[in-house]
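First comes one chain, alone, set out as structure tokens in the form predicted on its own.
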Amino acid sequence: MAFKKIDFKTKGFLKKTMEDYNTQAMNAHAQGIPVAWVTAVFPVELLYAMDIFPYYPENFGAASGTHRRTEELSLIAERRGYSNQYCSYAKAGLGLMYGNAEQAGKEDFGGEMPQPDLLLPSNIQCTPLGKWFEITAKYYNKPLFLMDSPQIEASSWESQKAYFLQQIHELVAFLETSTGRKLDLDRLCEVLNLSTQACDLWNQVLLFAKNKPARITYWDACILMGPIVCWRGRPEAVHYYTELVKELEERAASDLVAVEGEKIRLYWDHIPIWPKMRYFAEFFGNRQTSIVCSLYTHSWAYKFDAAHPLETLAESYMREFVNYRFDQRVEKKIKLMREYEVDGFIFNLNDSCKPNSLALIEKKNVISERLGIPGMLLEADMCDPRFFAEGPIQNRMESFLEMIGSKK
């Protein structure tokens, strides 16, 4: 049975929603709005409340992978001395910056990314992105504020939260000094309520993969998550996901499924291999296999308490799954695998994402023993095609699915 992907009716709405985000990012300066570069795990609700536009350079990194530009841009960065195993998101961004600088009269991002007025990294998710932002801040002589978070430890949670909350207060002071704008707590509460609404809707979207067979797959979620990342805290995210949930309810009512004849359900750990999304979707779809969940796509489902605006930001962002220790990460993965009733799981030893690739073999062994299901390891970069060997990877995946099939 050949796999046939059915496009969402809201595909055009999603495209417009993301185009509007990029247009506003590129036009912000002309409208007198400061642009702040942010990493994925950053309390952007503060920025939207202060009319500062948050831009995610990681989106450009992922897009460079999808559009197969990562190798070209990475080579530019590597000629400047960066390792070929440095984060491919960062190398794509640096390659764009240096590549344009090498062309006479081009000291910008060529209209592909907005110039930053502020750089606001967080080390909750990783350290290499912070270094990328530091390099960019020095290159353009712009102010940088790093949000630092210790890994969560239950025995010292209160002191850790107090430490992070103090940084949020310092961040607010930094933003007010840098932009001349004041934080209005009432406005922040409005933004937090919008963010919670969007996150609730995003949770509802992900739950459609719990159905047997699933109504959406992880591959769908990686595309559909654009607004919850970029527009979290704005009406645009609420509007889009309201319509998407309606469409998914219609799909459920008409018994429309993501993979016809679904026989196997799998968990995929963390970031997809962006240049090969279609390849993986078709490979698994043609073998009646649905990838139904991942902590990566579930990580955007925040819930904020607007009655305590700054405190809730500290608690929510510190609890990002990448900020937990080994045993806690394992428990979170196991919980999700049980909820979605998977038959196995796939971990990718991602050259670009060392924090999420650490101890994967140990995690694989622990989870297989606890759940009694098999897991497999891939070795590929999330964007750079030089680290993807299709033949060996496909052979391993076919053997993995055959093993699972023989046990069902």
Partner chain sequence: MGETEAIELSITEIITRLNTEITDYTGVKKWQEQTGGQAVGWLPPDVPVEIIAAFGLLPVAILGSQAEVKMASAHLPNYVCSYMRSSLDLVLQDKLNFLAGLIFPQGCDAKKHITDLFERNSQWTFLHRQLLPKQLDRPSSRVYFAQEIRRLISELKRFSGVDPTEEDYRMAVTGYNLNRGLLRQIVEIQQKKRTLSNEQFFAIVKSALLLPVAQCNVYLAEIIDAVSAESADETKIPLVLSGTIVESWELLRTLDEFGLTIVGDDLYAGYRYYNQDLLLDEGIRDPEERIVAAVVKRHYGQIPYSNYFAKDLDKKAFILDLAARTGARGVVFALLKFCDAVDYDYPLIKEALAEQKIPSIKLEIEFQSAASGQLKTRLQAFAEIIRGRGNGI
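Residue numbers count along the first chain shown, from 1. Please read all numbers here as calculations on a predicted model, not as lab measurements.
There is also a form predicted in complex with the partner chain; it is not shown, and the following applies to it.
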Study note, to complete from the structure: Answer among 192-200, 211-219, 263-271, 92-100 for heavy atoms within 4.5 Å of the partner chain in the predicted bound form: the stretch 92-100
Practice item. Decide whether residue 357 counts as a contact residue for the partner chain in the predicted bound form under a heavy atom distance cut-off of 4.5 Å. Key: yes
Point to revise | Distance check, residue 362 to the partner chain in the predicted bound form, heavy atom within 4.5 Å | key: yes
Review point. Taking heavy atoms only, is residue 244 within 4.5 angstroms of the partner chain in the predicted bound form?
Key: no
Exercise for review: Give a yes/no on whether residue 343 approaches the partner chain to within 4.5 Å in the predicted bound form, heavy atoms considered.
Suggested key: no
Practice item. Assess the spot marked by 134, 151 and 327: is the partner chain within 4.5 Å of a heavy atom from every one of these residues in the predicted bound form? Key: yes
Practice item. Go through 254, 159, 177, 141 and name the one with a heavy atom inside 4.5 Å of the partner chain in the predicted bound form. Key: 159
Check your understanding: Just one of 296, 280, 317, 82 has a heavy atom within 4.5 Å of the partner chain in the predicted bound form. Which one?
Key -> 82
Practice item. Enumerate the residues of 167-186 that have a non-hydrogen atom within 4.5 Å of the partner chain in the predicted bound form, in sequence order, or give none. Key: 167, 170
